[in-house]
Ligand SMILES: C[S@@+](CC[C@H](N)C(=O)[O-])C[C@H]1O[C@@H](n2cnc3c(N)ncnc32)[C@H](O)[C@@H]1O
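Single chain ahead, by itself, as structure tokens, in the form predicted on its own.
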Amino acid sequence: MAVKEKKQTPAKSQYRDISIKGVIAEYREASLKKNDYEKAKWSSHQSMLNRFKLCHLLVDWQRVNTWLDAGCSTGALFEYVDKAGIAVPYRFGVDAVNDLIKEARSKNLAGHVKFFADDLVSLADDGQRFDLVTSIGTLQQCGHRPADFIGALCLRLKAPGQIFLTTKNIGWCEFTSGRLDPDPHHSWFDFNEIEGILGENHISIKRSGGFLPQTNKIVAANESHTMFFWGTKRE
């Protein structure tokens, strides 16, 4: 994020012009890194872990028997949940990058876990529906417009199942003030746009806002470059 001298207000959602093939190429290169957070292109291990902690905090795990993690990368979220002592009988991870899926399959995870190397939006609908669908930091780097990717997420969620996602927030006050520019290597989204797309897909938002990944704090939406949504699918 580059500091600007001249103040200007960024437009609504800014989409990076990149195809799913381009995303795969970038993450194939990242998969050669040593640590999970580097392979997933997080800024630090702590920022990755704190996003997982937020998911842990908000989701009602007593209602989860089947779980789909979209953009699962190396399976680090499933590994975190195992260490936290949360048992979900059936877990499925999907990621478009085969190199990351190979890493995920190498992990010693509890219970019934399957990983698939595929693009969620292009993946044929087999009719399976899940109690929980998660997507942490994937939307901004998925090679699809948010309506298509979120639509694919919500399609696979049964009612009244839960959805949890985090993504990049263009409404951060540092951007709207003009003090900083959004990083052009990501797509950045307007909070109301993402909220609206979730609503169009029959999601009732239970909690949403901004999140500070480095300090693990929930804040107002305009106080962070990261925003989150947790909700349930209407009957």
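Numbers follow the displayed sequence, beginning with 1. Just so you know, these numbers come straight off a predicted model, no measurement behind them.
Not pictured, yet referred to below: the form predicted in complex with the ligand.
J.: For the ligand, considered in the predicted bound form: do all three of Ala96, Leu100 and His144 come within 4.5 Å of it, counting heavy atoms only?
T.: Yes.
J.: So which of Tyr27, Trp188, Phe175, Phe191 gets a non-hydrogen atom within 4.5 Å of the ligand in the predicted bound form?
T.: None of the others qualify; the residue that does is Tyr27.
J.: Among the candidate residues Met48, Val64, Ile197, Ile170, which is the single one with a non-hydrogen atom no more than 4.5 Å from the ligand in the predicted bound form?
T.: Of Met48, Val64, Ile197, Ile170, the residue with a heavy atom within 4.5 Å of the ligand in the predicted bound form is Met48.
J.: In the predicted bound form, is there a heavy atom of the ligand that lies within 4.5 Å of any heavy atom of Val23, even though the partner is absent here?
T.: Yes, Val23 sits close enough to the ligand in the predicted bound form that at least one of its heavy atoms falls within 4.5 Å.
J.: Quick check on Gly161: any heavy atom within 4.5 Å of the ligand in the predicted bound form?
T.: Taking the distances in the predicted bound form, the answer for Gly161 is no, it never comes within 4.5 Å of the ligand.
J.: Would you classify Leu120 as touching the ligand in the predicted bound form, given a 4.5 Å non-hydrogen atom cut-off?
T.: Leu120: contacts the ligand in the predicted bound form.
J.: Test of understanding: in the predicted bound form, would Ala40 fall inside 4.5 Å of the ligand by heavy atoms?
T.: Yes, Ala40 sits close enough to the ligand in the predicted bound form that at least one of its heavy atoms falls within 4.5 Å.
J.: Counting only non-hydrogen atoms, which stretch in 144 to 152, 125 to 133, 105 to 113, 81 to 89 is within 4.5 Å of the ligand in the predicted bound form?
T.: After filtering at 4.5 Å, what remains is 144 to 152.
J.: Enumerate the residues of 60 to 78 that have a non-hydrogen atom within 4.5 Å of the ligand in the predicted bound form, in sequence order, or give none.
T.: Heavy-atom contacts within 4.5 Å come from Gly71, Cys72, Ser73.
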